[in-house]
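Shown below, as structure tokens, is a lone chain in the form predicted alone; questions about how it binds or moves come after it.
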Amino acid sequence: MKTTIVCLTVLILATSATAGVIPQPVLVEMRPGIFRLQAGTAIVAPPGVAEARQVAGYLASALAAPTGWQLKVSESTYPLLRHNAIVLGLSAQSAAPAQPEGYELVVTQRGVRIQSTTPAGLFYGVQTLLQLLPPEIESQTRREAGWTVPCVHIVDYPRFAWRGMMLDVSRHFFSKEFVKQYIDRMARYKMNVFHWHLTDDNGWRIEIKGLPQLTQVGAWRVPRLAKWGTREGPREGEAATDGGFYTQDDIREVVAYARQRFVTVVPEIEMPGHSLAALAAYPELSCTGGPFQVNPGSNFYEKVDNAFCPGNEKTFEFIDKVFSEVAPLFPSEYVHIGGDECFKGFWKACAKCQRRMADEHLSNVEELQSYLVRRAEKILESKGKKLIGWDEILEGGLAPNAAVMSWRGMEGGIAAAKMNHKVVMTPTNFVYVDYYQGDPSLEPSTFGRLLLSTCYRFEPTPEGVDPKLILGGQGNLWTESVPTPRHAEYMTWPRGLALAEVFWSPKASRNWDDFAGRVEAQFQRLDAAQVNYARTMYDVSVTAVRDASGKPAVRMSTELSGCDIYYTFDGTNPDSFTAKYGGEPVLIPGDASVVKAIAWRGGRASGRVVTAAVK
């Protein structure tokens, strides 16, 4: 009887451990028993493969801080399970069907084997292995925990090749140390593209040695703290002290760090619009001649010229100089050129632009933007790169070989795919993680609304297009309302978890309730890693409705099933002793002006008190 109880306990622990893995693996087969990690456990890599040895070293490093053990890394041609060892094996044959990032993970009571056709697959197998260990494995300091892994057989591979997150470092500058941390967290959830938004109206963040004013002037603005878009512009003589930039050595360091985690860094250099920081440095590249100042977050759009002049040949000399230095820094296939939200009003009044339109037989300013993008594409191609841009680059005619990142819904991506161009889907209503993720009354000021459950519903491949042309998808963190690293984490997680699963896991396996439970398990890991994250999925949503007789009422809900909702109308804070919501609209009593509500889960308060006006 005692043996039966022990086996049952182990099986329960194993099942609960695998229940927290994100993204959901393709195939999981639970087996009885556990493997116990020990100080003498060996990590074995295939011989003579530098990237595989690197993955083994990465695993040893990830285990070292929380366990206090320096596990030995060795090389061996013997690919099978070994006693008390974690064996990484490369083979032309893999259980993951024809997927270079796929892997097979086998855990027995004797040891662990991760098999793949590529080092990238080994790396993703390691990420799953780390998630099978107790949450304390995420700590950067030594912790006491039972370092066990459930016995399991996993076969896994990604649905999409492009699994990205974008970080805007122009609106607010983030240190290279934080950028590395951001990449680390992406990699834990098998994301593989870091889109680095390096330039915009509010700061130029990358050193260009041949154009020193870009960082001497363009990287700095006057300090402001008011809400973005309402800030006072620069005052005469005011010092520009807020900002920063990455040297080319910084860039190389981040790119190398990302490469070790099989993350590709795609730089974005905005053009022709969103270029005020560059024009502050080199005003002669504008239509109006300046002078300009880097914008601190004031309302200037359509009032101040912030676009390169496509009629000026110096603009293309500038683009060539920039790309000549950018291209060698980034081994990525693509360079992003922006192309969005370009105000073209100043072009219409510019003699150089009008002359260019006449000489090139361009019918309108949209075609003039396309002219600039096409020339930018040729410059990039001369440096061995491909162009990708936001969906506005479709306007006026798409450059011959360009890829499109579709942000204004899916329509631009669909149009590009039907023209046989490659597409990354990034529609605002599913992936803009700078939007409110909970009740605006409880959240730091921003705009829009994007719930965790909405992220999870995202489907990157629309009907009617060739799926092979959809490279994948990407979450975007614009930082107008994100001034600090901790808040950048808060806005990304857990919505980044939802997107990671959308981009990796089979569509057919998607299940919101199951995912939400795994998110709760991930919260323990994020706590151990000291990552700031949002718990807004526990908050109550209050909607004004009318009951069957037409009287004013409120409906209450939570993203998670299994929550109890308690509420009040008298202005006091609710708890489990106040009225409990029964699922049907509740009439607003008498002269009540507010309703307060809170969710409880598992016998305790899980969300925050939400206050909604009802009159």
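Just count from 1 along the sequence shown to find any residue number. None of the values given here were measured: they were computed from a predicted structure.
The same protein also has a form predicted together with a small molecule, omitted here; what follows describes it.
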ask   = Counting only heavy atoms and a 4.5 Å cutoff, which of 340-348, 512-520, 68-76, 373-381 contacts the small molecule in the predicted bound form?
value = 340-348
note = Note: exactly one of 300, 178, 330, 447 sits with a heavy atom within 4.5 Å of the small molecule in the predicted bound form, namely 447
task = Find the only residue in 478, 157, 318, 262 having a heavy atom within 4.5 Å of the small molecule in the predicted bound form.
result = 478
request  = Report whether the minimum heavy atom distance between residue 171 and the small molecule in the predicted bound form is within 4.5 Å.
outcome  = yes
ask   = Do residue 434 and the small molecule share at least one heavy atom pair within 4.5 Å in the predicted bound form?
value = yes
query = Does residue 182 reach the small molecule in the predicted bound form, with heavy atoms at most 4.5 Å apart?
reply = no
ask   = Contact between residue 274 and the small molecule in the predicted bound form at 4.5 Å, heavy atoms?
value = yes
